[in-house]
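First comes one chain, alone, set out as structure tokens in the form predicted on its own.
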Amino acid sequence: MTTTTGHSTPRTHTGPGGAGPVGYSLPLSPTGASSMLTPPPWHFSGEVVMVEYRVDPDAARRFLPPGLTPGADPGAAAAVFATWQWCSADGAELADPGRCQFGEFLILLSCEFEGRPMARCPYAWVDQAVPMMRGWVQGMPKQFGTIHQSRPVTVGRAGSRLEPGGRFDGALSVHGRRAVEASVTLERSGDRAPALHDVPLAHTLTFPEWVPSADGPRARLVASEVSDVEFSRIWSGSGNLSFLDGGLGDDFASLVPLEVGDGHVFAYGETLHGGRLLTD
């Protein structure tokens, strides 16, 4: 998902030595060590269960902000379950598994920016507070949810192996109600990464105004700066995907599958450095 699209914008954050409490994010403190978020770079390693599908192209188009177009394949979408382990540059979080691990579910829609293929994430859920807050900093629409996902096993019978016939499932629940179910039954392996997992993500960086201004909230279209992208071997096969009556509203329901394609199971790693401005 590496991107150099757009225009660089300097990023600044408060550091120790100034007057009063400081930090990269709230909460501020005398040394800045209490911040909920550490400054990037952030490293991620994850296991992914992904199902490609198609949505109503008109419904997908309504989720694209100015600057993004449906591109060459309108209606292409993907549902992605992932279990992540992450750490800051010094790796300190890895000593605390309860801090450095989280589950995620997101939807991706195919789109383009100035003719370049990208993906738009209209909805995302995570099960920990730090990745939710980190998503807001990126412009990624993360909310709280409960995510469960099959993981490959190498010994025993309590799970599937990465081989033909192996089945991997994912489930999202929101506010105690099941919202999405997916499964992939493996048939083959290869080296080609799934299309919507191998392009930059375009987000809208915005935040409600607590102190009103004449201009109102400012929305900016941004993309993430990513390096050290790694894919394992990609296992693919038949996919199943169901959106249930999870009480998520008509907008979410407009993205239900019209057709379900292949599913994929793979490991993925990246380093996230910050963002780049696409349009202001």
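Just so you know, these numbers come straight off a predicted model, no measurement behind them. Note that residue numbering follows the sequence shown and begins at 1.
Below, we turn to the form predicted together with another copy of the chain, even though it does not appear here.
Undergrad: So, in the predicted bound form, is Thr185 in contact with another copy of the chain at a 4.5 angstroms heavy atom limit?
TA: No, Thr185 stays farther than 4.5 Å from another copy of the chain in the predicted bound form.
Undergrad: Indicate whether another copy of the chain has at least one heavy atom within 4.5 Å of a heavy atom of Leu272 in the predicted bound form.
TA: Yes - in the predicted bound form, heavy atoms of Leu272 and another copy of the chain come within 4.5 Å of each other.
Undergrad: Evaluate Tyr123 for contact with another copy of the chain in the predicted bound form, applying a 4.5 angstroms cut-off between non-hydrogen atoms, and reply yes or no.
TA: Tyr123: yes, in contact with another copy of the chain in the predicted bound form.
Undergrad: State yes or no: in the predicted bound form, is some non-hydrogen atom of Pro40 no more than 4.5 angstroms from a non-hydrogen atom of another copy of the chain?
TA: Within the cut-off, so yes.
Undergrad: Looking at Asp198, Glu209, Glu163, Asp73, which has any heavy atom no more than 4.5 Å from another copy of the chain in the predicted bound form?
TA: Of the candidates Asp198, Glu209, Glu163, Asp73, Glu209 is the one lying within 4.5 Å of another copy of the chain in the predicted bound form.
Undergrad: Under the 4.5 Å heavy atom criterion, name the residues of 141-163 that approach another copy of the chain in the predicted bound form, in sequence order.
TA: Counting only heavy atoms within 4.5 Å of another copy of the chain in the predicted bound form, the contacting residues of 141-163 are Pro141, Lys142, Gln143, Phe144, His148, Gln149, Ser150, Arg151, Val153, Thr154, Val155, Gly156, Arg157, Ala158, Gly159, Arg161.
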